[in-house]
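Starting off, we have a lone chain in the form predicted on its own, written out as structure tokens.
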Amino acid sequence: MHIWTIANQKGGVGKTTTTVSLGGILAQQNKRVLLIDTDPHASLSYYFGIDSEELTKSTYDIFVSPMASRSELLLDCLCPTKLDTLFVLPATMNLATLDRKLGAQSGMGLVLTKALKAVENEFDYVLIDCPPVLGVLMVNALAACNKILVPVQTEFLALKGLDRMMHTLEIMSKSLNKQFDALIVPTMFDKRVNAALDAYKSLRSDYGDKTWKSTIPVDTRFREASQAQTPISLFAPRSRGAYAYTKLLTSLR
């Protein structure tokens, strides 16, 4: 089972869009895919029309339940989507309380790792959408994964935020005694704008091979796909955005 974490400590850079888009393509390729929403704002859940305020079970319950029941509870919490092999483990605002309730408890950084280990035969791919905050949720997502994708908007302020994220990965790598396989994914790229071109050049210059050699373009079809609660590869398969994420997926394998 491949576990990919999509993370950045800056919001609005395309984390949820990346999670949904890659998950949709994989599901259309008949892969069994689980998308995990660990953001209290529940953008991933809302994308698929899942109202977090109406849920009785969510990602939160995985963290606060007894260890022995976490894997069964995980499967019980899943929500279906328009794609038969794509499922969502949804989020609720309760996740925002986890750092205060559980952050100091021993072993809380490995909750997701252990829960996913117990269901590794159920899915081919797991994609974890992270909140833009370093806390127990991001730590769990980083500890559980075997690949990290760092979406970065191709503009100056987003690049400054990237420095903080890459420093976090260095710290977490030492703390977890784990070498991260991380790839920076330039997003919202507009080749007509000099600032976007300069930002992409800076990414390639500063991070070299850690930066994907292509980009995810600005595409209004992303917004339309989210309004339709459908991954772009299903909503607009011939769009620039769908093509770019298919290209990204190919490079990840």
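This one's a predicted model, so the numbers in the text were calculated from it and none came from an experiment. Start at 1 and count along the sequence shown; that's the residue number.
Keep in mind that the form predicted in complex with a small molecule is not shown, yet the notes after this line are about it.
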property: Proximity of residue 13 to the small molecule in the model of the complex, heavy atoms at 4.5 Å; result: yes
property: Contact test in the model of the complex: residue 219 vs the small molecule, heavy atoms, 4.5 Å; result: yes
property: Proximity of residue 233 to the small molecule in the model of the complex, heavy atoms at 4.5 Å; result: no
property: Contact of residue 188 with the small molecule in the model of the complex (heavy atom, 4.5 Å); result: yes
property: Which of 198-206, 211-219, 54-62, 28-36 lines the interface with the small molecule in the model of the complex (heavy atom within 4.5 Å); result: 211-219
